[in-house]
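Let's start with one chain on its own, the form predicted on its own, as structure tokens.
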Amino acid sequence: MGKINGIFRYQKYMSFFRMRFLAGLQYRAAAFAGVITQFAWGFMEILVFRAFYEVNPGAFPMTREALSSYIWLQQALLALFMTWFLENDIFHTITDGGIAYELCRPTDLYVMWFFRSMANRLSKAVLRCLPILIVAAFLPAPYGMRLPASPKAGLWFLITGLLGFLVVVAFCMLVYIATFYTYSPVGIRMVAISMVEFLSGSVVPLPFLPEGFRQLIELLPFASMQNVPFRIYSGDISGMEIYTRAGLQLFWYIALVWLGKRLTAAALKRVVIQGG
């Protein structure tokens, strides 16, 4: 009986996942505009770094080919790893009183929102990633995207990519939950997004940062997002270091989910819904 109840609970959240995923696939025009924007941004980044590499090619910790692969993966999988892909519906549910309806559902609020967030990001990534990856694969070196450094790197890219995606969603859940404790989510969103953009390697890949500062950042959850899978793909992270980074990703995922669940439970004990 316990197993049957567990299956039903799982199916319940998968239904939320499926509905949100299918809803996200409807925005094809927005996805097309996003692909064009990401192509422009990717080319711009590569050309900016090209200027620095031509001045002193041996002064940088990543080859131009590895850097180009990093940038194109970043653009193709933008929806999976960028924290500014937040759901306004969840914020509105908290601030407008719609949380009352959510609390009437026979579900765990944290788990339901977690599945919704995953589906929202995956639907955007499915629509955008393939055109970018295909075009980038046919660009000439060193501007295009190359194959993984090895079959092992390709496999661990998929594993750590999944773990990094889960860490991103778990962190974004903390941003949603923090809205319970504020009058407006705007300030929290701005601070969280600005911090993660830099510390996750979105603005500048982490190997380009000063050594001591980089070593500190790599212990934080932000470095367990896009930084790990993208650098494994290019071969910048290899050997036993792969297992260390994957273990750190798993640790931060569990820690962030644990913290998110505790904060959600505390917030729901004090939530006040005004209106009639």
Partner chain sequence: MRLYFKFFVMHLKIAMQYKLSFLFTTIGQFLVSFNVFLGVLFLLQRFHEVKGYGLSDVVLCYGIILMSYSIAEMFMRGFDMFAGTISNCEFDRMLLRPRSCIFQVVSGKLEFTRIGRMLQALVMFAYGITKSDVQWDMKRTVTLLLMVLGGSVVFGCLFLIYASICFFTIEGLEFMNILTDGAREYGKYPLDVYGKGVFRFCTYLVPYTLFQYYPFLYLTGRTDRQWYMLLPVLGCLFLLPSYLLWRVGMRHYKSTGS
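The structure presented is a predicted model; accordingly, all values stated were derived computationally and were not measured. Numbering follows the first chain given and starts at 1.
Keep in mind that the form predicted in complex with the partner chain is not shown, yet the notes after this line are about it.
K.L.:
Kindly confirm or deny that K12, E87 and P221 each have some heavy atom within 4.5 angstroms of the partner chain in the predicted complex.
P.N.:
No: no residue has a heavy atom within 4.5 Å of the partner.
K.L.:
Heavy atoms within 4.5 Å of the partner chain in the predicted complex: which of the stretches 112-120, 139-147, 164-172, 180-188 has them?
P.N.:
Stretch 180-188 is the one.
K.L.:
Looking at I134, L103, L158, V203 here, can you tell me which has any non-hydrogen atom within 4.5 angstroms of the partner chain in the predicted complex?
P.N.:
After the contact test, the surviving option is V203.
K.L.:
Report whether the minimum heavy atom distance between E65 and the partner chain in the predicted complex is within 4.5 Å.
P.N.:
No - in the predicted complex, heavy atoms of E65 and the partner chain never come within 4.5 Å of each other.
K.L.:
Since only the chain is shown here, I'm wondering whether P207 would be in contact with the partner chain in the predicted complex (any heavy atom pair within 4.5 Å).
P.N.:
The answer is yes: P207 has a heavy atom within 4.5 Å of the partner chain.
K.L.:
Should S194 be counted as a contact of the partner chain in the predicted complex, where contact means heavy atoms within 4.5 Å?
P.N.:
Contact with the partner chain, yes.
K.L.:
Can Q215 be called a contact residue for the partner chain in the predicted complex at 4.5 Å between heavy atoms?
P.N.:
No, Q215 stays farther than 4.5 Å from the partner chain in the predicted complex.
K.L.:
Using a 4.5 Å cut-off on any heavy atom, which residues of 149-176 would contact the partner chain in the predicted complex?
P.N.:
Result: empty, none.
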